[in-house]
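Structure 1 and structure 2, given next as structure tokens, are two forms of the same protein chain, each shown alone.
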Structure 1
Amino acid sequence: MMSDTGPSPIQRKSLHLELVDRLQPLIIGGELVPGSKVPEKELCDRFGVSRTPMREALKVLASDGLIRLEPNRGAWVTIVTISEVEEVFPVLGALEALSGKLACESITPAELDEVSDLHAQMIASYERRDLDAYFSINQKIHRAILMAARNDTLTASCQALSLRMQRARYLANMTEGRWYDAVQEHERILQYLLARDGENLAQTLLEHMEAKRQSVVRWLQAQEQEAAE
């Protein structure tokens, strides 16, 4: 159902890109702990590659902000700071708002069906309080809207920033109240999308991001508090 990027590319991806794809989940999944050192040698052994392609991959991940390279001291998994959240969410908001506007212009009935379907699934996971499923489907919805916007540059930019925000399991933490609100927001998002009302969809996505930002910042502040004790 997803739009294909091309006719089955036979070309083997270069090793370093393969590694980028493999390392990303380790970082956002928390297996590589934020603030800890990236165990270069260990990862080389694990993936059965030499240091050269691994280090190339680390350079790319660093340019995406997922890790930090300290000269002569190796690579470190970056941590999500409050100030970074305050920076990234407004940018992400602007980009998602644009994606909503563009999606309304280009989305097909089939794609609308798909989003509706995903939305229903998301509601179902909300009702049985399945947070993991909820988050997974939630992301699929945002991605589906992005796809419908038909703008690969926009997709890539959103993707990169989203990854940075997913580094920890922080986002998977919501109060019951915030969760309810988020679902309401998504209800509006779906309605505006179905109505192809770009302006209101953009506005709602912006508010959605702003609310998410607040929620994440609150949680991080609570974490800080906790750590101080």
Structure 2
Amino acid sequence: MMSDTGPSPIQRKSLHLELVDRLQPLIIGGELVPGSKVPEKELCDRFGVSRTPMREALKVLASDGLIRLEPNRGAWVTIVTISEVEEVFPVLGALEALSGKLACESITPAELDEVSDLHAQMIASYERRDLDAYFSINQKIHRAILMAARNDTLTASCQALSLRMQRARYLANMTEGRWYDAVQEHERILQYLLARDGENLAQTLLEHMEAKRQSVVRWLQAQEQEAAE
């Protein structure tokens, strides 16, 4: 007779969630162009899957705001608008600020070491002007601080909004001046985190997100002007 107290079975990630993980970078990185129709059959062939898990994955992406599903017309990559950025970024900034404040209260020495290591990697990517690597490591730093806050409700809310804005933040390539400023902001973020200075860290994260908002809005305005010409 099998014991009820034995180890629980290993849970495997379902196929449609694996597809979500594959499709998100295509949308965030712009391979699936904003405003374009999602080529379902082409993607099924590319990943060797049937239409059923693909459509389940698209439902998840729609709930995340990355695509929209239209009856009888298929799935379309959503377009990030200025009004959406203006609405989401202040909320995201407030959540990031709260995560910083809570993280200062509960972060472990091992987690501090992890953030310090990530920061060093990010600086190295900046020095060699590797924007893709910089962006990826930057996201890991923000996530590490969020996880150190140890608040599941905060984590879920912040990640949902961050995912909606990642595409615009990635595509709105920074100017050299803005990139330098962002690095200096991250230097202060690390400094206040290591000092467990929650108030100053929260304020710095707020300012960091506001600067990102301004950068993204400028890029979107330029895109609109270019399209109108």
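By convention here, residues take numbers in order along the sequence of structure 1, the first being 1. Heads up, when I say rigid core I mean the largest set of C-alphas that superpose within 1.5 Å between the two forms. Given the structure is predicted, the values throughout are model-derived calculations rather than measurements.
**Q** Sort out for me whether 1 or 2 is the form predicted on its own.
**A** Only structure 2 matches the form predicted on its own.
**Q** With both forms fit on the core, is the shift of the CA atom of Ser36 between structure 1 and structure 2 2 Å or larger?
**A** Result for Ser36: yes, a 2 Å-plus shift.
**Q** Hey, does Glu70 budge by 2 Å or more at the Cα between structure 1 and structure 2 once the core is superposed?
**A** Yes, Glu70 moves 2 Å or more.
**Q** Just how large is the rotation of the smaller rigid part between structure 1 and structure 2, in degrees?
**A** It comes to 14 degrees of rotation for the smaller part.
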